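Read the single chain below, which is given as structure tokens and is the form predicted on its own.
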Amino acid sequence: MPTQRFAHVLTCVLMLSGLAGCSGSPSLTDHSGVQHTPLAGEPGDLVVVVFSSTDCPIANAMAPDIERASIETTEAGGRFYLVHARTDLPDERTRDHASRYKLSMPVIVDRSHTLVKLLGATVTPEAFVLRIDENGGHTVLYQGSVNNLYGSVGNRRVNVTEHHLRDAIRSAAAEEAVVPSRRTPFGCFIERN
């Protein structure tokens, strides 16, 4: 019994240092200095995480659709986070980017790639629609593209005809299965640290 208690305490100490998680939910700071735990919440909570980059033209082209997805998530009672997966990105740059692209959601810089690794993100933009489960973990309901603006890297359509992320959010909010649950995202590769 003492060994189990020691292991639990050690796990929580590691969580506080950002190396592990008691419930798999790291705490990260947004560019305004506010702490967020995107992967935590009450059972049934809807959480959307979109990995982005200030200098990825594909992610920037999708910014209006990302903002609309954020609004729809909030209206459905969920939480939405834009996560920049860069180790060297100053908060001033993310604030300027959010202002320029009219992004109203919390913007987090994942400098240690904690969320990148936990969710397995590979490119920007890449979206994750999650449901918090009864055990304090999460289930990935959707992973993939924001929309079909790009059919492949360098292959941009004139207009978006499919809103993959927004469709996934609507299905998840209605507690329906998200079909398909995975779509290949096209974007700028996340450089792993």
Partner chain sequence: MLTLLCCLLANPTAEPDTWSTIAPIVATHCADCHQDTGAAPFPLLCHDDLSRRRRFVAEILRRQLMPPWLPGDGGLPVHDDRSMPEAERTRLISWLEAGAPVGNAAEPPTTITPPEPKALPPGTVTVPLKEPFSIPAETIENEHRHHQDTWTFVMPLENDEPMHVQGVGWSTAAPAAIHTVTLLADDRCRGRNRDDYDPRVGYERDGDLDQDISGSFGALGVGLSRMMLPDGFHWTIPPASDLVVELKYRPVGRELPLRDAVQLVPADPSGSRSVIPVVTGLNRVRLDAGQADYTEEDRFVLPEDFDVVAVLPRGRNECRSMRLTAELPSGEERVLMDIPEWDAHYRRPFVFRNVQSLPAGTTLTSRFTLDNSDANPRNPYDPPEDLRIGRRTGVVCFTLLGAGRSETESQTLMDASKWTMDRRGMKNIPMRTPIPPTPTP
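All of these numbers come straight from a predicted model, not from anything done at the bench. Numbering follows the first chain given and starts at 1.
A second form of this protein, the form predicted together with its partner chain, is not displayed here; the remarks below concern that form.
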Ala61, Arg156 and Gly187: each with a heavy atom within 4.5 Å of its partner chain in the predicted bound form? yes
Just one of 135 to 143, 43 to 51, 64 to 72, 26 to 34 has heavy atoms within 4.5 Å of its partner chain in the predicted bound form; which? 64 to 72
Distance check, Arg166 to its partner chain in the predicted bound form, heavy atom within 4.5 Å: yes
Please check if His84 has a heavy atom lying within 4.5 Å of any heavy atom of its partner chain in the predicted bound form. no
Looking in the predicted bound form, any heavy atom of Arg100 within 4.5 Å of its partner chain? yes
